[in-house]
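Just the one chain here, the form predicted on its own, laid out as structure tokens.
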């Protein structure tokens, strides 16, 4: 393995309020991030457990390459049984916690149990002197930004944090886990699937990680690793830079493809695309400040925008395409500035902007308020912190508010709201939503090819799912777009072993197999591999003719392994 610190893992028992370390199993040496989370949950978590009970297992797993000098490689996976879907969940985030954990030699944190007193709050401290569970009642109820301000008064400026806001403390199913970025802002979120609620159920308000002045991890084949990282960085920077202005720049293309949902997905295009276009955000940089930055140390993509208000004060980061879609167009809200306010509120409260935007749109669609009522949407988000009945229903996600309102147009898969990329024009992506263990999640396997023949849907979905599982296990960001050959070479130089692209593909398949097995144990069947009826019966596009009409046998085929082909190993991760 790589030189330097011996790999360790942290085990936290929130019933006993103890934290211990132990050697990281050699058999797991090539597992990180999503694949490691899947293996631990398969081995140590009862799939039938209460997601908010002591039997659930919260996993915080940096990717294999986190903490190294490989570019844009510090992402972290948060895993557990989802209170939103009832199945396995992995949510991936940037920021510095993954980097810092690996610099300290920790490959994973595994949290079990539940405090006897549900009103108590605790923190987990991780630094060069050890690991500790500490009382944190003074942080109870704090919003994420105020929490991090307080934590930076308590811990060194070199520390990074993972935290939950009020939504996580209230154990709402749309709750996220925040990670601090390079500037110490809790703006990067492992958002999907309600894992913030799992963290909240364990009484864990934050994790503080301080790597101090520790250097990056040293690879086994130092000279060649550094040379390859330099070559890889140079090649990326000489390329098309498709995320130069962030994901928000995708709005015009998505609108053209009928995958910029409007008013709870009753249309695929928004008449407000021009005022929601990320170009408007870029234009604001000249007069307000802000700009593009990297959310983690060592990132070369720099896709994250920093948004300022009209007075030049920081408001939020990053305002992404998914957020502009779900909290903007999907709610009939026309202004990117209103969406920026909503994004900041979600980051403060610790909420998934996708799930929350879908829930608000369903509330609007059911007559609860008018589409386009931005101030009303902001008011509802503040109600979440207050714990009102409506606030809790919105915070629990699309299915919860749909049931409360008796509304049938609830666009979900496996209980999770659909992201922006619509499965009706992008049917191979719809196959991913049906078959992914995660439910409706574009980062599980996104295919933007509206003209693809139906005979190719299953293989395209499966290969994209494998490429993304490999990426999310490595620590690389999907926007760097590594393929399996890239990952294999990095692993080989890092570990000193001859890691092949075939091994990476096998690891990715085993990750999916572990996740599917968990869901099977939780009670999922083939009948759950489907989209909500509204996506099958209601269309978008010309004459509303685009519907999700993929036959069940094609959907099922995506879960039966295809013989690997050359294209698989060269397929770039895309999310």
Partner chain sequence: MPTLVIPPPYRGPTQGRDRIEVAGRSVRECLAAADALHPGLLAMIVDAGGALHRFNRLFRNGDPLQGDVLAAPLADGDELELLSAIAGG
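Computed from a predicted structure; not experimentally measured. Residue numbers count along the first chain shown, from 1.
If you look for the form predicted in complex with its partner chain, you will not find it shown, but the lines that follow are about it.
- Query: Looking at 400 to 408, 499 to 507, 198 to 206, 443 to 451, which lies within 4.5 angstroms of its partner chain in the predicted bound form, counting heavy atoms?
  - Reply: Heavy-atom contact with the partner occurs in 443 to 451.
- Would you please decide whether residue 376 lies within 4.5 angstroms of its partner chain in the predicted bound form, comparing each non-hydrogen atom pair? So residue 376 does not count as contacting its partner chain.
- With a 4.5 Å heavy atom cut-off, would you call residue 181 a contact of its partner chain in the predicted bound form? Heavy-atom contact with its partner chain at 4.5 Å: absent for residue 181.
- Task: Examine residue 313 and determine whether its closest non-hydrogen atom to its partner chain in the predicted bound form is within 4.5 angstroms.
- Result: Residue-level check for residue 313: no, no contact with its partner chain.
- Applying a 4.5 Å heavy atom distance criterion, does residue 161 contact its partner chain in the predicted bound form? Because no heavy atom of residue 161 falls inside 4.5 Å of its partner chain in the predicted bound form, the answer is no.
- Task: Name the residue from 479, 225, 363, 262 that puts a heavy atom within 4.5 Å of its partner chain in the predicted bound form.
- Result: None of the other options qualify; the answer is 479.
- Position in contact with its partner chain when the complex is considered in the predicted bound form, options 128, 116, 256, 274, heavy atoms within 4.5 Å: Looking at 128, 116, 256, 274 one by one, just 256 meets the 4.5 Å heavy-atom criterion.
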